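Presented below, as structure tokens, is a lone chain in the form predicted alone.
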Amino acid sequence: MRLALLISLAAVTAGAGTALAQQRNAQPYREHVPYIDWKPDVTGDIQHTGTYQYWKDRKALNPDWVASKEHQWQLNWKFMDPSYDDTLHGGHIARDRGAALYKKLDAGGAFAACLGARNGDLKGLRANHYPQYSTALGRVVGLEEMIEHCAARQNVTLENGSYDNSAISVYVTEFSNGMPINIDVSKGPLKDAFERGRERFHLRNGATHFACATCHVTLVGRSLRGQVLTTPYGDAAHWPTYRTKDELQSLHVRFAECNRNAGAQPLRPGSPVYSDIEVFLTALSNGYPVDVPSARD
């Protein structure tokens, strides 16, 4: 009888231990905003908000909608939000600063080669090659992270998210102006990054329990914090951008700002999570032309 009791207690204890181990190894419960069927091309917005017809051709934008609170968001005019002035704004000043820094770093041609430019030609580099998988770094990276890496090879510190790093990015990106973004997320590391970025885009977190998709899926067209929320399609084509609050921002710096606004812990620019979201958003801009220097509110 005593032996049977001991065996029974041992079995219960073992079962409890197994349950505790399973509990420790279990993934934490996380909530997501309901997924939509994202198309990795700017035309996907036809099914998302239906506004693509209004902003796909910049020459045909309805000028009466520019000043209309009801319709302005439908123009998806992210590259030149009011008060945009193409003659001169902080983005142009950043571009000039970036040009000077770039030419100094590329005096021997090594900087351009490190970024992936063939024979020093920057044309199309942003539109066709970034984000990309870097064999040197062993991960998917955006242009700004590669700028930091290539500068470090010359013992120059250009931290991802800093003004000078973003200024060089604006300069390099300008050589892709008018060219449609074209990254392939159908296979390999970029496909994996796209899927991870999509998951993170829908993941709720922070004090507000918001996800990126809370604003850019469920609340599109509605006012929040004095701004009307727009589609994420076409968004990546104009970064880094000059914010009229007098700040040059890379896309990752904007991610960090969004995290802070939502009461979530920001990550460092260049973090794998931000790079994954960058891949996701860049794929949603496939087919849309690059346009920098840009200005936004």
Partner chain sequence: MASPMKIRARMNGDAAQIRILAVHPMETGLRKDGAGKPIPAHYVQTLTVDVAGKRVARYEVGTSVSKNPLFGFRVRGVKAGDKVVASWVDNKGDTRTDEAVIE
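Residue numbers count along the first chain shown, from 1. Keep in mind the model is a prediction, meaning the values are calculated, not measured.
What comes next is about the form predicted in complex with the partner chain, which is not displayed.
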| Would residue 88 show up as a contact with the partner chain in the predicted bound form if we use heavy atoms at 4.5 Å? | yes
| query | Is residue 247 close to the partner chain in the predicted bound form, meaning a heavy atom pair under 4.5 Å apart or at it? | reply | yes
| field | Heavy atom of residue 92 within 4.5 Å of the partner chain in the predicted bound form | value | yes
| said: Taking any heavy atom pair closer than or equal to 4.5 Å as contact, tell me whether residue 184 reaches the partner chain in the predicted bound form. | reply: no
| said: Given a 4.5 Å cut-off on heavy atoms, tell me which of 112-120, 93-101, 207-215, 130-138 is the interface stretch with the partner chain in the predicted bound form. | reply: 93-101
